[in-house]
Every structure is written in structure tokens, then in C-alpha cells.
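Only one chain is included here, represented as C-alpha cells and corresponding to the form predicted alone.
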């Protein structure tokens, strides 16, 4: 100590050096202490005491008694006020936005009604009220399988456990319409005894098993995406039993899933205009996310859609599952140092370019469907048409794969642009084949396209009697509140 004092007397400036060094060391010690306390808080949150919740408890309010912060944030999924340039939680009539979709889905229920999905809070309400679902006179008389319920409610695992997976799928959709009440929630992703993340839908487990993967060995970080991948994926209903299946056996990209479907000669419906056997993409969010930069850097779905949140000194996972663009400071800016305006500009720039190409593909596909109809009308045979219809099937599959995925242009813009580009190429190839067929039939003028400038015009053009469809749905909803209650 005397030596230090002697040095300071001889060199007064050394005192200031020592002072600043002390301040820096103290600052970093403070940061370390803060980090340790924060991690301890996280550990406390993750290892909360076991709650008294029974197995297959599907009522979200019961879970909310023990996990109040998470439950209160989950209730915010009822908020439909946020609308970004291409999505959000607000209700958007997509058929009004792009009437071409009505023609692309001609002969399929999506041509009746397709809206931007709202939050998880509305999962049950939306499947009941949409014009895509049946309006049966009484429970169990509709053509739709109970499989359609699979991702809409935590009541589904409860019913599967009670009656068996295969038996559940074999039932009709309306059979459970008064029993399935709770929207997507806690039991869909968490073990009630430990709160560990768990997979509650068999299709994901079965897909992993077929590919030789043990889901029990994946990391916690991977699970923070896989609980989402139970539902946010491409899937189909296999066989007469309508068994929910993920078509990942050859790979998870658009080309390999197409090969899978072609190998088993699967189609969702026959297009009412072109007569092509079509594939309807569902919402391949996990597949496209897996091909993007965020997945490559190790980010999980929850990192951006369910970030950590602090309130009153408590830190927890925000269960207001929503677009990251409505929470940029807690999502994007955790990693990116740009301003909110700059981040939005970057996102919208990519989305604008992909939307432009997607709209080109939509318009070309409409022409291809009507050109195919003209060829049929003028005597083309099934042998003549097969190559063109195959190209239409493959082109629209690519359009739908990109269009149906939530946030595709954000998750993997390069891959999505490639998918749309190959869709444009295949559509033009189909039209070239059809032009040769038409030339042989003596048709040299352009094929007339009906007025589809509005949703109403497009629905009329494909033969939909929307007033009757809407009336039947309203009668059904009325019965549901009275006779079926």
C-alpha cells in the first residue's frame, strides 16, 4: 500500500488510472452479477413447482390458475388489431385480395372462403364458422373426417387417448362439434406434471420414426420449434381412414414432397375447370422455416414468435404468439442492431418482390386452367392432356406451397423465390403443350377468360352459388346454438 502511495505521489496521474481501472472492473463485476441473477430467475421460471393439473387437461383456464403470466399473455392472441403489409392477426379476406385464387381452387372448398388466420384463441370458432366446412343437418352426417380437428384444440389428444388414434380419425367432423370447445393452448405443448415441452400429435412422431429419427433425443432448442411443427406443416389424410400423415419420407422440400405424392398417385381434388388432379398445400411453415437463415443459425420458432418477457421483476415466455413484426424490440432487435424502420423496410422489400412474382404465377395458372378447358371442349383426349395437366398440377403445387405458408417470404426468401420461379416455368410449359393441342384442333385465337376481377365474379365464373352456401351455413350455426347445444 505504501508503494502504491509513493507511486501516486511521484506520478499523480497514476491515481486517475487506478481509479478508472477500478470503475471498469466494478462495472463488469456488476454485469456478471446481473447475468447470474437473470439466469437464476430463468431457472426458477423453468423449474416452477409442480402444479396440480391432471393428464389431458384441455381447459386452458385450469392451467392459468398456476401459470398466470403465461396465461394472461396467451389471452392476447384474441387481439386482432395488428395488420402488417402481408399478414398479422387481422381478418383479411384473401379471395377479395386475389380473386385468381377462386379459379385456382375451383372445385375445392377453399374457393368458397379463405381468410388470413387469426390468433390461436379463435382456432375452434374459425373452423366452425368458415364456409369451407360442412353444414350438416345433424351431427355425424357430413362428409368431412374428424381428422380436420387435429390441430385445433387440446381436446383432441384427450379424445385420442380415450378412443384411440385411428378410431378418432374415422369419425366425422361434426361428431365432436359440441365436445371440442377449447382452442389451441397449454396442453398442446406441455406436460402437465413437469411443464416440459412434449409432442401431443402422433403424425409428427410417426414421421420422425419413419425417417429413423428419435424425437426423444432432440435438444430443448429443437423442441421449441417441433411443438409448432406438430401443426404448422404440410400434411394429407391417408387412405379411407383419413389418417393424418406428414409426406416427409423422401424429404421436406417442395420437390421431394411432390415426388412422394406422385409416387402414391395422391390428389386432393380434381380441378373443375382443367380436370387436373391437384394437390392442396396446407401450411408448410416448418418445412420452409427449416430452409431459411434463421433456422441455419439455430433460432427456434419460439425465439421470434414467443420471446422472453419481463413484468414486475418476473421473466417468462410471452405466450402472445404473433408476428415478430408487432414486437420488433423484443424479437428482431435482440440480434439485429438496425432501427425498427430499417428492419421493416428490409422485410417488406423481400416480401414485395416475392408477392410480385407470386401474382404473375397466379395469373398464368388461371390462363392454363382455361386453356386446358378449351382443349377438352374441342375434343382433346386424356392421352393428349396428361402431360399438360401434370405440369399444371406441379406448377400450382409450387404456388400453393409458397402461398399457403405463413411468413414464407420472411422465413426463406431465396427458396420461396426459387419455388415460384419453377412454378412459372412449369405453367408456361403446360401452356405450350396446350397451344400445340389447340393448334391441331384448329384453335388459333386466344382463349377467353371470364371476368374474375372480383371475388364475387370469380365465384360466379366457377359455378358457386354463394348466397345458397352462405344461407345454409347460417342455418347450421343457428341450429348449433339451439338444437345441438
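Remember, it's a predicted structure, so these values are computed and weren't measured experimentally. Positions refer to the first chain, counted from 1.
What follows is about the form predicted together with another copy of the chain, which we do not show.
Of the candidate stretches 206 to 214, 292 to 300, 376 to 384, 320 to 328, only 292 to 300 has residues with heavy atoms within 4.5 Å of another copy of the chain in the predicted bound form. Among the residues 456, 424, 62, 449, the one placing a heavy atom within 4.5 Å of another copy of the chain in the predicted bound form is 424. Proximity to another copy of the chain in the predicted bound form, defined as a heavy atom within 4.5 Å, singles out one entry of 345, 181, 85, 162, which is 345. Using a 4.5 Å cutoff between non-hydrogen atoms, residue 263 does not count as a contact of another copy of the chain in the predicted bound form. Taking the partner from the other structure, another copy of the chain in the predicted bound form has a heavy atom within 4.5 Å of a heavy atom of residue 357. Taking the partner from elsewhere, residue 125 is found to have every heavy atom lying beyond 4.5 Å of another copy of the chain in the predicted bound form.
Residue 364 belongs to the set of residues with a heavy atom inside 4.5 Å of another copy of the chain in the predicted bound form. Interface residues of 422 to 436, taken as those with a heavy atom within 4.5 Å of another copy of the chain in the predicted bound form (partner not displayed): 422, 424, 425, 428, 429, 431, 432, 435, 436, in sequence order.
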